[in-house]
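Coming up is one lone chain in structure tokens, specifically the form predicted alone.
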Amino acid sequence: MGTVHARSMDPLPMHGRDMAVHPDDMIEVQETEQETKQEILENKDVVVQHVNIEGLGRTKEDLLGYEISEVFDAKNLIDVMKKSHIARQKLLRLGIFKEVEVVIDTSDGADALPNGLDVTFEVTEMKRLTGSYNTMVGNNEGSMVLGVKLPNVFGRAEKLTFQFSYGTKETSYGLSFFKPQPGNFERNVTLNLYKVTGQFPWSSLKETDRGISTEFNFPLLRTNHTLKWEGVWRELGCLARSASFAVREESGHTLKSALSHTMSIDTRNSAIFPKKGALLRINQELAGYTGGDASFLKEDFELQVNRRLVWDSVLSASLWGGCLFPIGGRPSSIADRFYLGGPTSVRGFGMYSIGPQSEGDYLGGEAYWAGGLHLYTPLPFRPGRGGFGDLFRTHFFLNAGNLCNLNYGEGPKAHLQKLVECIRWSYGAGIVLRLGNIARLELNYCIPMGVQSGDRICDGVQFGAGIRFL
């Protein structure tokens, strides 16, 4: 719960430093002291008269008033401690304090009430400049990340961050500025300036993006929303001399300007090993309306439902899908299409090796769907239960999906028929390892089925690492 100190827990009229209490009297009440304190904690009304914050340097006091205001609404000491803990968590969430301690004491001064309390938050601000070094796991790739951060730049929880990332398939650096709304941390604005260079061997493609973006995040009822504009100069090239003509034809410079909106509802108790709850994420992207060479409307969604069964086992079902609609007669770009296959989606197939391809290079598709059914169980005989063993799960899975291009001159019935033709599917079992609460590793034995000409399969043992799994 954090550190909450309470001084002079008894109200002033009963026992207090302003009352002359003889030691002999204390002996007489010793037997009933515990019972009296319990009654005071649960039933005695108190009034929070003052809330103080000590240790502030560059932080503006008006920002913190929103985070601690609910402490004044507490009606008894237990309520004061609970609301103080909540306020402490809110202060730490701002990312501007290294430590926050809470001290609860009886009120002093001429205006002190008999049942008055003072709450003091003792804070230690973060340094003006901090650095970090860590490793990051993406979808079947890893990277080293170096970062420099200036927290609380202007005193109201703003954050300026520079980050450099060097990975197995991607190298990037970027500068971002983060600004939350005072009193509503979930409502915030982020500005990004970045350069990303990536290699995509399944398509014999390399891509360099130089761009700027702005994001506005906000909650609405039980949902979270992100509005984003992105302007990016994209440079596409061939990764190898053996690249197909279709990839060479895509090479060159393009400018993309896109507006996007993401809505999500997440009731899961964990993002990596959920035992209950559901996730729904819907994303729309419109490119070309604000300029640029790319012009399309892109829709995709993700749905996951989890249900706990007997013996600490969990049944999980997932469904992904999406469509890309070119606008203005312009063909879609290889950089904007969907890709499917690999240890993070339809297992038993090579990384992004399902769907249209040319001379061994996978070109992506304009429509796809993928579904998965998983049964997660603890390790046999529960080794390391309550400790290291809880990071592991065994799982049995059934995956299926398809990716293709659609003729949008045809009707919806023809589109659905094409999506259900030539379904790729696989089944198998494996072991899953949780890495914190942000990523996981999988070691699976896969049996791919429904293999089509041109698909690249991984029949047998397959290893996967990532943050998003079907």
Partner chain sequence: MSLAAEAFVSQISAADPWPENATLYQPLGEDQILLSDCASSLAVQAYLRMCNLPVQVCCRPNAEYMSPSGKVPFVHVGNQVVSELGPIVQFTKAKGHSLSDGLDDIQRAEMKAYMELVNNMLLTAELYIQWCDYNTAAEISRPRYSSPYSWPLNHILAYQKQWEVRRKMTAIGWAGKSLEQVYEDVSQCCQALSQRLGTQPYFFNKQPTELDALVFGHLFTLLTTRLTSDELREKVKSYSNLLAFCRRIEQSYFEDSQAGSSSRGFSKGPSLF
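Positions refer to the first chain, counted from 1. Everything numeric in this text was worked out from a predicted model, so none of it was measured.
The discussion below concerns the form predicted together with its partner chain, not included here.
If contact means any heavy atom within 4.5 Å, which of 247-255, 275-283, 389-397, 89-97 contacts its partner chain in the model of the complex? The contacting stretch here is 247-255.
Just one of Ser264, Ser242, Asn269, Asn184 has a heavy atom within 4.5 angstroms of its partner chain in the model of the complex, so which one? Here the answer is residue option Ser242.
Single option in Pro356, Gly292, Gly321, Gly174 placed near its partner chain in the model of the complex, where near means a heavy atom within 4.5 Å: For this set of options, the contacting one is Gly292.
Does Trp233 reach its partner chain in the model of the complex if we count a contact as any heavy atom within 4.5 Å? Heavy-atom contact with its partner chain at 4.5 Å: present for Trp233.
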